[in-house]
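Same chain, two versions here, written out as structure tokens and called structure 1 and structure 2.
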Structure 1
């Protein structure tokens, strides 16, 4: 059971040294009880007390690193049920299923799909994160052969080995030494052997409640019992699967698991959740995956990754895993689109990420090299920033004067968003020697606007 702030305070040195960043030990204890700091922030706690408090200060959902290097992803570490309470921490992982019954050429093609899945949206690089190799043949040789192809072609892509055969799991996972893969398929019949392999190979263990790769409707009570048995064997990096397949069951089980972890601090279910969303109908699969993204799945396995599906799921994931209390924003700066010259147009807008990337995208579409002056308005859109007094004539004039753009362009013309045309006269008064041109109200009008100027 979690300790209260006062109970934690009684275990602290009580020196009020401020090394943790807080004025008193009591203040630190209160933050620790709320999960807002870690025990490592206090350098003076004796090791035995630190171990005692470590579990108290740990997030309700255990944090786990899946994979290594630049492609490693973090799972878990979540502390809330709803993102308006406090942002969700680690975006869910998308993994493409590759069956070991496929021909070598098909396995290689699907690996290529994963490697080429990356897109950029509002400044973030988004991609399919991992591969789930399933032992569909139940044959150790074929499973090993498929694993070797993945190891050769995508050695740093995080991999999930889906098999309930401990021998097959051990053979495959040894091809990925120190790569932090997941061995998925531990159940009530094989958990001792699977736990031993995971411990020896430093792998994460995927736990479920049936022998068919865990994909059945077993009870959460059995799942909780199983995680406790595995933890007692020395394996603590665990992902769990309730076995739910239907949408209503996934919603029910995932919600129950998160509530048990967050609200009740129930450690046996305090692990990242893996969901298998594969469906013959790609649209249905996308809908099941969307449910997993919204309702607490840390890993979602898909059978196909068409571009339309990726874009929809990446966008949903990105939206849900941003902080709703902090607008997405880009750095205040003068940005070059294409290779502008001293005669190129100069636009100005706010630093709301979506505004910037839409405007820059439309300028790119116009094929007219330009400058964009992006002004810090605390991540607000143009109209919102204007209404809040953050995108005003005086502030725009000050920004332009301080930006150094006058040394980059020969002309003295600035193009403002059409929605704030009312500012044009005031800007010309504040920005002496400059002409203010009112641009389109909507960004999609920029290409035609620039072409008309060039005619």
Structure 2
């Protein structure tokens, strides 16, 4: 477990020299315990104690940056088992498997799929983050040739080199100098030379134990032993694979690993987990990937990335990795549903993303092109925003005037949510020339509401 402020204080010089920026060593110790400062701010602490403190204050799952530049992704850093306790930190990474046995044109095509996978959703750009090149041929030449294609075509995409042959790994990784790739395939036989390669190439090392279906959790013991041996060789940027492939085994191993890291601060398993989710059936693969997203995988390797599958998986990842304490928000704007004209209805609501989604979905279902004025209320829903004084007549009037909607529509009618019917008089007073219509209380009443207007 992480040390408390008092425990840390005992290890500090207790000189109250203030060089760290805090009045006393105790104050500094408290900040350290809360993770708000790093031990580096204390110039007088001996190196061995510094290391001890750094180790105990480190997040239970080691933070690792995979790749470099704009496409680099962060792994690990997780602190909980359940998202209602605290936000899941670094969204798991999706990587497409490319076998080195494929023809060059197929390799090219798959790289292109990765490069073109980006989709925007609720203001976030989501994509397949990486490529996993597998050494299915067991041949060094083919592996190298495939790596060269990737290096030329997608030099900035984070890559995992999957091979248990240290020589093949080294040749391929050298094509990606300083790009922070992963070499996946260290096991109990080859770990010394694999660790060496990872060290010289500054790569992250993927450690795996046997992958038999239906094995008991003995594999985790072996895995923990291996990561300790590798750490002793000087490699600490590690991702781990228990070898689990079946849903039941993935859930069990990932749960035991995350629990060991978070609850026991068990360092030998405090590394990001890589899961190989490839299946013949793409839909089943999507569901196994969903398991990895929900249950603690940091990297998931896929065998195919159809657009429909990506959209579902990106959305799930986005949903589960949102901060449960901060409501998702939509940008303040006038949104068009369908192709509205200057006579189309105008709705107003708040910018809580769920509110927006449900309202826009119901308007869409009703097939009546409309405008939705979405007002920034710090992501609160209608009633909450009204109660908090963020969805008031004055603010609504101001927003409508500033929004420019008066140039878009000929009419001067605004439909407000039924829950804030009480605002209608005040809005009409503040928004001169406008008529307020009270809409349904719940969004699911919108289709009937729009139908009855048309009638």
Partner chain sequence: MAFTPSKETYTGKVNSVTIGIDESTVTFGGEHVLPFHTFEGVVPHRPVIAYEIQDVPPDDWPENVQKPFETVSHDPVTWAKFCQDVLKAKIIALRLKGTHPDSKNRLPEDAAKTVKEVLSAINVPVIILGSNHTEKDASVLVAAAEAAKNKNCIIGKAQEANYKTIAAAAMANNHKLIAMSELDVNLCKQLNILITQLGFDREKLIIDPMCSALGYGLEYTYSVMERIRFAALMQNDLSMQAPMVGDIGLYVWKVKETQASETDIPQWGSIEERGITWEAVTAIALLFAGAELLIMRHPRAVDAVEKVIDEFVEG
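Positions refer to the first chain, counted from 1. Heads up, when I say rigid core I mean the largest set of C-alphas that superpose within 1.5 Å between the two forms. These numbers were taken from a predicted model, which means no experiment stands behind them.
Only structure 2 comes from the form predicted in complex with the partner chain.
Remark: with the core as the superposition reference, the CA shift of residue 64 between the two structures stays below 2 Å.
After superposing the rigid core, the Cα of residue 155 is displaced by less than 2 Å between the two structures. When two forms of a protein are overlaid on their rigid core, residues whose CA moves 2 Å or more are considered shifted, and residue 289 is not one of them between the two structures. Core superposition places the Cα of residue 442 9.1 Å apart between the two structures. For residue 388, the CA shift between the two structures after superposing the rigid core equals 4.9 Å.
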